[in-house]
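In structure tokens, the next block holds one chain alone, the form predicted on its own.
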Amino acid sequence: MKQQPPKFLLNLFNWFCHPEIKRYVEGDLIEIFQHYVKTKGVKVAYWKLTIEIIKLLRPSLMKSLEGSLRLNYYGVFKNHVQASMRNLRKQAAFSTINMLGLAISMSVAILMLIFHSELSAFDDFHQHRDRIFRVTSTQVGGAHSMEINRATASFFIGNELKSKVSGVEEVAILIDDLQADLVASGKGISVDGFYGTPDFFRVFSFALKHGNPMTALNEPNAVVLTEQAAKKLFGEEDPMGQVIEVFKNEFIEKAIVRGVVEDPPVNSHLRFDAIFSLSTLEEHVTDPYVKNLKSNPGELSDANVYVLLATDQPPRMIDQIMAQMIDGYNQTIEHPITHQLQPMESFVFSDTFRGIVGPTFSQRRSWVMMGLALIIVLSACFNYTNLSLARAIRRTKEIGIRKVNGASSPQVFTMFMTEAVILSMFALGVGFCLFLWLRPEFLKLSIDWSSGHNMFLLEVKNHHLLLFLGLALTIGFLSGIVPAFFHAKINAYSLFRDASKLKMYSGVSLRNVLIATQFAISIGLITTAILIRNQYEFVLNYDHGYNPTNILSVIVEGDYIDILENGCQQLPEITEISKSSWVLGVGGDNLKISIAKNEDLSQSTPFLVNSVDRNYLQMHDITMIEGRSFDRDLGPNEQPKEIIVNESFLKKLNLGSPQEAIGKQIGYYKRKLTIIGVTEETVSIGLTKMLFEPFAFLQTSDHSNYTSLNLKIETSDLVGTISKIEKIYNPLDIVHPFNASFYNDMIVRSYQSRKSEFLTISFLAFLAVVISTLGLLGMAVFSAENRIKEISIRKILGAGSLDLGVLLSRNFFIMTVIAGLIAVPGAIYIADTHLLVDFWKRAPIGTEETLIGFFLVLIIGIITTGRIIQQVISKNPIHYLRDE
């Protein structure tokens, strides 16, 4: 049976289409719908049919309305459109001001609509997206006994769900800690990916270009490459069955290509170059680590467990079953574990989870952005409402004549609403052009927000056109409803008796409220942007506890760091060299967290540890409070016996003062380490990422732990020196491109998302100021024109220019002060409690930062109104009063 089009769409078509052509066109529409059902699916067919019906809304295809009641409606509507167009042309200046304000706000609204549309469509290419869930884990832990949410679960719970729960159709387990260098056909590439179970392609809908999805990951040492990875390795050669040599991976030496999969799309939370079969890892089950990983319900940090539920299986029931599965284990530990199923549509908002894979986006940030866009839209609507109310008196005679000729209040209401909607439609066209201009810049910022992932395209799709149309209608409605109500309720008698006595609203003037609100929005956004900028500058200039000047970090991904060090020592521009496992102040992939215990093992604390050589502390000018630095390098296979810690480390283990701690021993991996030095507090991994305050430096004899070769450079030719280092590096690593950055640049990049946040809010503040300035300009022109006779009389009676200037600008000044009193405290509160809440060191807030926004809006207002006032005051009063 063929799929039939939705009845409401056909009814809509039958309602407006001319009877003589209806049956022919309706047949074509049904054929088009069924063609798209067959080729693209039902969802696409719905949208295509909707668009085709909208395209038929043309006068030549519509019913004739002559001689019917509907003709009256059509005629009235046509009259409203003509009157609106005439009035918009007649009031060209005000219309332009209103349209520009609405267009600016619509460009932001369009941007946010597409942005959130793509966020909500993340992972929507999976056929069973509504039935795919991830098993998450919650447990109390960390430095402050906080509740920790992980996107990972235990291997144990995944196997239990697969083997014992009937409502779970498939279970895919991914181990995401896979980085390797692949070499084949004389070419090498570095890949990131997963170890995956054979169910991977039964849970997810990644399309295999070559290979069998049912068996591709069954065998040990099987690998599925993405199209891009396969092309880099094999070119045009068939990759299937080819043997690949694997380096930098302790479990695999060779792998066989069993499949080629399409590259993951940009809206996929799983990003990978290769997937190795999990059975490859299981071959090493004798390894204690792997054995513990598979059987221990408390091993939560490595396995990503995805389940595909049966159609009628409630997720909550699975949560209860998982609680029963680990109940026995929970009774043996201090902090019980709980597992929950997380639906796939929320994966993209999992930025607060630990162990997350792929790109995420902060839901808090998305709501803040939507809120700011809404503020901009409302500001533009206020502009329109304000100017329309101000012009009301000028249109009283027109309204009066219409009412005397029989126009009802609903018809007057409809006329003004039509005018607002038409203007909104014009603004939509201009706003869309502005969106196209903004789009590339916003895409750059979004990469910073999503930790370097490219997860947005901001493409305009067919269904977005309906959203844009709805947006224009909504903004037109919001803008025009107050002026429409005002004009509709005016009594015709009062219009002709004395229109100047019309009162818009009793009590506080609505126009004053709208003006103050616009100014408050502008001042608030400017103040917020300044506070974020102030914090950004603060963290860049913060004393990190070491000197990063002129230190170049070369990232090393192999066992050649000593050879590279020897080569660099030959360069006279390099004055000092050291090695470390990660970059201080930034962190990195090799960040290590360990557990330390005091000497009698009665207390323990997690701490960050950086493996360094004996030159490290001296080269970075790290201040020692007490004790000494490392005085020699460890020999081959020699275990470290000394450790250097910070003051927080001492406090956590109650080791006393720095002087008292020197010489004491701590427990570390069943060994004893002697504290030989205590350093001042240093910023370990940034001012927003404090995982643990205790921090320590430790030596290592395994040089594969070093991933950063740190070079102190003293030269005026930095480019030439870096080029020399690259020439030494390139023959040592044919897989990984040369990757080197100065410490200061890395620190700046680590706060790039904050800079993007500042730029976004600054841009929105700029738009808010532009919109409110446009409104202020319109109000100043209108007020000056309306009060020209009053000003002329005052001038004849002896009023000076200063008195007249104060008279005309007094209201503006009062409104700005009221707006500042509301906006500045509000901006400080929002920045303090929401936008800067994750900084553990805050920049002080001074009077200067809080008042810049207020004075900026005041100055812009004075310049805007001052020019109009000056023009009015300079005119000859006789010219306006000679006919009075």
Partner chain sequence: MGKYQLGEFEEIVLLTVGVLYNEAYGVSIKFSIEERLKRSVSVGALQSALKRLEQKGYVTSRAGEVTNDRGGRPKRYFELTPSGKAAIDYARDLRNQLYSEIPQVIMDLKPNKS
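Positions refer to the first chain, counted from 1. Owing to the predicted nature of the structure, the values given are computational and were not obtained by experimental measurement.
From this point on, the text means the form predicted together with the partner chain, which you will not see here.
Partner-facing stretch of 848-856, 812-820, 827-835, 22-30, counted where any non-hydrogen atom is within 4.5 angstroms of the partner chain in the model of the complex: Careful reading of the contacts points to 22-30.
K841: heavy atom within 4.5 Å of the partner chain in the model of the complex? No.
In the model of the complex, does R58 have a heavy atom within 4.5 Å of the partner chain? R58 belongs to the contact set for the partner chain.
At the 4.5 Å heavy atom threshold, is K43 in contact with the partner chain in the model of the complex? Close contact is absent here: in the model of the complex, K43 is far from the partner chain, nothing within 4.5 Å, heavy atoms only.
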